[in-house]
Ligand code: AMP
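The chain below stands alone and is given as structure tokens, in the form predicted alone.
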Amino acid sequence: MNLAQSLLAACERHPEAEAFPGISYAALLPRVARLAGGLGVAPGDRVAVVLDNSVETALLYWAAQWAGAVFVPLSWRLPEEELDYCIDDAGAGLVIRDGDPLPEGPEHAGALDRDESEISLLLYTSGTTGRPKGVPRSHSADRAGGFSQALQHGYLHADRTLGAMPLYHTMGIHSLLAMHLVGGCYVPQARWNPGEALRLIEAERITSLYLAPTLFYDLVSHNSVARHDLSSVRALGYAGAAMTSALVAQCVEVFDPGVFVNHYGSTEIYTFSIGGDQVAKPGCAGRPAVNARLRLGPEGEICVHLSGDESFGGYWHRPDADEKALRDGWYHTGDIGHLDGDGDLWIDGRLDDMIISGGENIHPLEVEDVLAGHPGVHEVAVVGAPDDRLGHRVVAVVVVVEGTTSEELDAYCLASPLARFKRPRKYRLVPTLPKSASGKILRRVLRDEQKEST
């Protein structure tokens, strides 16, 4: 079933339910059809959008699917040069930016006969190294991703989710997709603001939150959190980075969720594994997802089999990237992990994030997890800096509560179970950490800063 058929089926199945605030599924389909008619595109044409998370952006996504076009969402935060590169690389014949009118036309009949293996979405990776890579996603792969999210995040009919993760990000798109499959309501938040997010959660009776850990941190530490009724929230899911034990505990205290999962995956293959009980095992990536097979390769690299229903078929016009990441039917993630005694997966970091100090391997996440437990720590990232004697020394870059000192943090690490050789040799106290548009901490930027200061 392609996504135009899937939308049609959803609107027929629960016409009375809300698809977006104030828009029922019965009203959604004719509006999408008119927007599709106004796009003036043919099946397979690429439609690039540079917009925030407004309801209009979500409607354009569905209009592109209804017309059989390929939706190419791009971050409004990118510099013009990078946007121009992505638009040109995608071969987009139509570009819609903020302020452009959204003309409606005669109702498009719908590309209901489009093959489900055809491309429906072209996402661009964040480009932390080199040019961004295009990741084509088929109708069937994205629909499978929506189903797996609904199943493994514990969604129910008529659930309501906060659309805070950007629609140019795989988490945002699949939140939208999961909602139409369960007859749920996608409540968009145009741009992230934790105070506004708390207001929306209360006003819209949000039942599920699927956010990057950074955004959860913003919510639970906001000065107005105690003044909001958050009792409607039943399910929490996070992805994009590991969540520290301290942050898991804060989320449990604030939301008291019935479901709390770590969704480990990527743009290329949406879901790798699900850590289904974050209360019992904070940060654990759990077991392979319903559509995935995993194995640990050399150096503990996590590899995912490409036969899964959520898999992509290779990068957009990038055989060099295919050669690096796709080998013998497996996608090589670049992540390092290990299995615990229960057979559950834990993410230790990236191959290029590992710190080798004095001949010992040190994974940043285990050091960060200790430091995040200090009451004076807001956020922390651990990286390696060149060292003549050790090869690399451990550096903690920390956003702290005013008055917290490096000496306090070092004493805290010394009193913890953390091995002495893993203890940071230097603490940098900073006002903020550099992050990508999706909220991931940019360790590369921090590493480069360490090299320059050495």
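Here the structure is a predicted model, which means the values were calculated and not measured. All residue numbers refer to positions in the sequence shown, first residue = 1.
Here the subject shifts to the form predicted in complex with this ligand, a form of this protein not shown in this document.
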* Out of V367, I347, V380, A141, which one falls within 4.5 Å of this ligand in the model of the complex, going by heavy atoms? -> I347
* Asked: Here the chain is shown alone; which of S311, T267, T214, S357 has a heavy atom within 4.5 Å of this ligand in the model of the complex?
  -> T267
* What stretch, of 267 to 275, 88 to 96, 195 to 203, 380 to 388, brings heavy atoms to within 4.5 Å of this ligand in the model of the complex? -> 267 to 275
* Asked: Does any heavy atom of G237 come within 4.5 Å of a heavy atom of this ligand in the model of the complex?
  -> no
* **Close approach of D335 to this ligand in the model of the complex, 4.5 Å, heavy atom** => yes
* Is there a heavy atom of R443 no more than 4.5 Å from a heavy atom of this ligand in the model of the complex? -> no
* Within a 4.5 Å heavy atom cut-off, is N262 in contact with this ligand in the model of the complex? -> yes
